[in-house]
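Consider the single chain below, provided in structure tokens and representing the form predicted on its own.
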Amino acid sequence: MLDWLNQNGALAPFLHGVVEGTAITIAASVAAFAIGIVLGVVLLLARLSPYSPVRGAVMLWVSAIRGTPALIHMLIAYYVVPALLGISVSPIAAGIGALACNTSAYIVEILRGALGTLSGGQVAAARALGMRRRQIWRYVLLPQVFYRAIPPLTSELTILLKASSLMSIIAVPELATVARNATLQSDLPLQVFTVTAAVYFIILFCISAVSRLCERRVSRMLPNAH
């Protein structure tokens, strides 16, 4: 198997590049997902605002992002936004920004759906105990929302990780870029894409395992959240 992959050393540069490409793919995906979570919570609070212009702006943002390809977001983040602002942005920063904005539009809908499953009586009970709006969100609603949203958020993270390959269009040296360059420099595309697919599969398998672990632990912390 190793001989078939290595082909007398022909794929050695690619196999070394896979490590760096995988690290960039994971780091960029995790960073974009973390930013997307924060943006998602902010958008959720704005979506529930009593002011209709604020709600309308959030709905417009979500519709615009979900109605256009992530590839377009990537190109806008790297070419259009820096030109409009007169700044220079590195390819990886533009890639993370584009992925974060894209995933935030989906995360806000995931969180809104999870919030809709909660009983309104919990808010009334919290208010009766003297809790303020911020405390209700922090200690009552958000923990349960995130617990109920773990499965769809995990799915969103796997989609985001696979979408990170779009960063190759702006020359970020992530895993897909490494694979594409290796196919151009060698005549072994089958070996290159077999290794690349295996790496993506291992990463996604680990994400699923961590998600199940988190779900069990949070379930023990919030026994009444089912």
Partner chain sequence: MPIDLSIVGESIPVLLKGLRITALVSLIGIPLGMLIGTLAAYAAQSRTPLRPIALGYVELVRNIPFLILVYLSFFGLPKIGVPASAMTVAIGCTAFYTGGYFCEILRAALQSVPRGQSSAALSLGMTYWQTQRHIVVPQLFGFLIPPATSLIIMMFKDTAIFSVMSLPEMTYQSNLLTANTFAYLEVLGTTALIYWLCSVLMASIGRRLETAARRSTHQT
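The model shown is predicted, which means the values in this text are computed figures rather than measured ones. Basically, rigid core = biggest C-alpha set you can superpose within 1.5 Å across the two forms. Numbering follows the first chain given and starts at 1.
Beyond the structure shown, there is the form predicted together with the partner chain, which is absent from this document and is the topic of what follows.
Undergrad: Find out whether any non-hydrogen atom of residue 189 is located within 4.5 angstroms of the partner chain in the predicted complex, and reply yes or no.
TA: Taking the distances in the predicted complex, the answer for residue 189 is yes, it comes within 4.5 Å of the partner chain.
Undergrad: Check residue 79 for me: does it contact the partner chain in the predicted complex (non-hydrogen atoms, 4.5 angstroms)?
TA: Residue 79: contacts the partner chain in the predicted complex.
Undergrad: Against the partner chain in the predicted complex, would residue 204 count as a contact residue? Criterion: heavy atoms within 4.5 Å.
TA: Result yes; residue 204 sits at the interface with the partner chain in the predicted complex.
Undergrad: Using the partner position in the predicted complex, report whether residue 43 sits within 4.5 Å of the partner chain, counting heavy atoms only.
TA: Judged by the heavy-atom cut-off of 4.5 Å, residue 43 is well away from the partner chain in the predicted complex.
Undergrad: Select, from the options 109 to 117, 131 to 139, 146 to 154, 81 to 89, the stretch whose residues sit within 4.5 angstroms of the partner chain in the predicted complex by heavy atom distance.
TA: Of the options given, it is 81 to 89.
Undergrad: Can we say 49, 52 and 219 each have a non-hydrogen atom within 4.5 Å of the partner chain in the predicted complex?
TA: Negative, none of the three is within 4.5 Å.
Undergrad: Exactly one of 39, 169, 31, 58 has a non-hydrogen atom within 4.5 Å of the partner chain in the predicted complex; which residue is it?
TA: Here the answer is residue option 169.
Undergrad: Can you tell me which bits of 54 to 92 touch the partner chain in the predicted complex, meaning any heavy atom within 4.5 Å?
TA: In sequence order, 60, 63, 64, 65, 66, 67, 68, 69, 71, 72, 75, 76, 79, 80, 83, 84 come within 4.5 Å of the partner.
Undergrad: If I superpose the two forms on their rigid core, does the C-alpha of residue 22 end up displaced by 2 Å or more between this form and the one not shown?
TA: No, its C-alpha moves less than 2 Å.
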